[in-house]
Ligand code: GLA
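There is one chain below, alone, in structure tokens, taken in the form predicted on its own.
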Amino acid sequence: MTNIEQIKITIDTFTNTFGIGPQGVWKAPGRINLIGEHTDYNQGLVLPFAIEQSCYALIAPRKDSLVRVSSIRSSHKPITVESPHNFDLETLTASTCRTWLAFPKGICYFLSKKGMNTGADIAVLGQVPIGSGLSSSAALACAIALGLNEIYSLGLTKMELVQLVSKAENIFAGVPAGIMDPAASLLAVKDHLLFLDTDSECYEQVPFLYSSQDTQLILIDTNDRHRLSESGYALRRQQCKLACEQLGVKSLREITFDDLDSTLSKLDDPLLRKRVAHVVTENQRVISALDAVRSNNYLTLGSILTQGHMSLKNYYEVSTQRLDLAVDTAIQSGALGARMTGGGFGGSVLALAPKSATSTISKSIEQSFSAQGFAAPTIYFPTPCQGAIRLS
């Protein structure tokens, strides 16, 4: 079934569920972070891109304050729809919710402060694998935020929506993430990387035409699912905050690569030293990766990706056995470099490889997972896609 056919069926499902057709359909993609992991909440540098897998939000405005939200499941045949969950804008408060409803609740709560004074009927169709490290939650939130912003003519810029989605994730979902994920989903441009300074919030679209250099990106979803709200993600952020307090800086972004050794000598806790070392060197890797992309030096870029993984594994300690296996097997089978992508504790690996080696790498990874008794990974060949848009 094509996306167009699926969306048509989804529109019919929406109409049958709510008794009215949607006013529009909005699409927001997931993302892959090429490099720059755990730097965004440290006001650092990131280099993500949007992917084809997306979340769709179908929305119709209401005249009362009720919000009805439903999830449409396309993996079922026929397509099935979850019974709507209801909440009232007038009584909605800022509180943490441990289900996917945290995101529509958070978006509606903060948009109500921006002029959204009546409710909506919302149905979402998610195609970004949950827990894969590809930011399914940001895709969901961005699709809803973009749609409601347009329907109610709130006039918020995409960067303002990025900030709003980040607040919703922090407060309602209980995940202390930075702005990278919603920024990639909302701001990305096809065939480009998004070079984002999360401190200044300045960004640049960087052409990423790796296929012209006879190289290919390989995404290995290990199917080792994670939930950042239940993992060590928040602890890592707390450790970075503690390090800042002990060093007398507002954020780890203030520490330059040249000053890293002298800075680390000021910390007594070896664990905090490792966390700081990762963040500072990761910012430097983003700069180096950007230079490699601009000069079409993909051999160097591959090496940078691998260095990033080793730092995430040894210094930030967020990798897993399956992530490490995918990285090691990819490199041993001919990849130029590979690293886990996303927050860690499960999820996916991104590899950069010569096109001629992609089949060998994919088969080797599948065989290595089978030999270890792991569930088969899901392998994609992603390309940088367009950010969030209205489809109809």
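All values derive from a computational prediction rather than experimental measurement. All residue numbers are counted from 1 along the displayed sequence.
Keep in mind that the form predicted together with this ligand is not shown, yet the notes after this line are about it.
You can rule out all but one of 145-153, 107-115, 83-91, 173-181: in the model of the complex, only 173-181 has residues with a heavy atom within 4.5 Å of this ligand. The closest non-hydrogen atom of Tyr41 lies within 4.5 Å of this ligand in the model of the complex. The closest non-hydrogen atom of Gly36 lies within 4.5 Å of this ligand in the model of the complex. When this ligand is considered in the model of the complex, Phe195 lies well away from it, no heavy atom lying within 4.5 Å. In the model of the complex, none of the heavy atoms of Gly337 sits within 4.5 Å of a heavy atom of this ligand. Of the residues in 327-359, those that come within 4.5 Å of this ligand in the model of the complex through at least one heavy atom are, in sequence order, Gly342, Gly343.
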